[in-house]
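The data below hold one chain only, encoded as structure tokens and taken in the form predicted on its own.
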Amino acid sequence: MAERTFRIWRGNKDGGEFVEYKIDVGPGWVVLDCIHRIQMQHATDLACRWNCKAGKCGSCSMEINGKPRLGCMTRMNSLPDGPITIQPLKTFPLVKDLVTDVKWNYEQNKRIPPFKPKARNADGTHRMMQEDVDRVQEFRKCIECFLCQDVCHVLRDHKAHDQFVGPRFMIRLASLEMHPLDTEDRVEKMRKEFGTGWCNITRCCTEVCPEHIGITDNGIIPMKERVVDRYFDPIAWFLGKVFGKK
């Protein structure tokens, strides 16, 4: 056991401050273990959201030493010596201590047109190329921890929540748009309502993803390309004017 110091944000929407706690940390502990020990020994009213403690529910998202991470997947031996600073996600409204209100994300999900499958073949089956199936499977690994939403500068710094749905839902759009059986056209909405043009491809969302999804390269960039092909490609524009094609 070794003593470590934690600076944890305590407060609510009306204000607060960092409070320092010292506890003995055992081998193999993760940050969430330390928070539970602090709750046990020093602050029974410390609010922290968590569930599975296995890196699959996305509940224990927080900022650890200034970086959005999962508390249950951040091992103490991976952090530098010295005080550990823990605070809530900056992008969303604070409820209490380390808990934020993330319902805005679920409201964005409701805005996205759902999966609309094509008709079955005459024999009652669907046929797909395996590579088309594999392409969208990566996006299904998302655990909705919203770390990508938190680190996105469009949401975090510019507060453009009314203009950009964020990386998580660009991935949601990609999972639908790239599905080999989907027939819904979401390109116009991606441009006008979901804000594809806001992302300037810094790849910060990809860097914090605990599931290692290629959010930027495999999801956001292909969606931006679809918008550009339809609205800014001169040949496509000309054909659309002449033949009335989108």
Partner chain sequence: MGNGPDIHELQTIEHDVIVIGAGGAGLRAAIECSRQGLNTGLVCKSLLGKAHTVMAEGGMAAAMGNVDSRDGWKIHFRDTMRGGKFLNNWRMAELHAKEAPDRVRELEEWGAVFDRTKDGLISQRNFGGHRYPRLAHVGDRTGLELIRSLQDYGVHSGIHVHMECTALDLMKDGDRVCGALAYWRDTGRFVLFRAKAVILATGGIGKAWRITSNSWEYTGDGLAMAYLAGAELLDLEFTQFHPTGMVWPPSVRGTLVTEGVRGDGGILLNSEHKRFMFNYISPRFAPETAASEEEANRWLAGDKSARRPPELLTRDEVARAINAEVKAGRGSEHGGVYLDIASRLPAEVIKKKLPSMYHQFKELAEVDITRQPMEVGPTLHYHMGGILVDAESQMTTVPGLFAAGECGAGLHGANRLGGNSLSDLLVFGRRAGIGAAEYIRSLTVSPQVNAEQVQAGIRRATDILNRDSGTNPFVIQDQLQDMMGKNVGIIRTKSELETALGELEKFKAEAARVKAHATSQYNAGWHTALDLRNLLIASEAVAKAALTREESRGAHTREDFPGERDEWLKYNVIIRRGRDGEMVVEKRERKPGPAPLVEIANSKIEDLESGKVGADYK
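Positions refer to the first chain, counted from 1. The shown structure was predicted, so the numbers you read here are calculated from the model rather than taken from an experiment.
The discussion below concerns the form predicted together with the partner chain, not included here.
Contact with the partner chain in the model of the complex, defined as a heavy atom within 4.5 Å, is made by none of Ala2, Asn200 and Cys205. Residue contact check for Gln39: one or more of its heavy atoms lie within 4.5 Å of the partner chain in the model of the complex. Remark: Val165 does not count among the residues lining the partner chain in the model of the complex, judged by a heavy atom distance of 4.5 Å or less. Using a 4.5 angstroms limit between non-hydrogen atoms, Pro117 touches the partner chain in the model of the complex. By the criterion of a heavy atom within 4.5 Å, Ser59 is counted among the residues contacting the partner chain in the model of the complex. Residues from 86-114 that approach the partner chain in the model of the complex with a non-hydrogen atom closer than or equal to 4.5 Å are Val95, Lys96, Val99, Val102, Lys103, Tyr106, Asn109, Lys110, Ile112, Pro114, in the order they occur in the chain.
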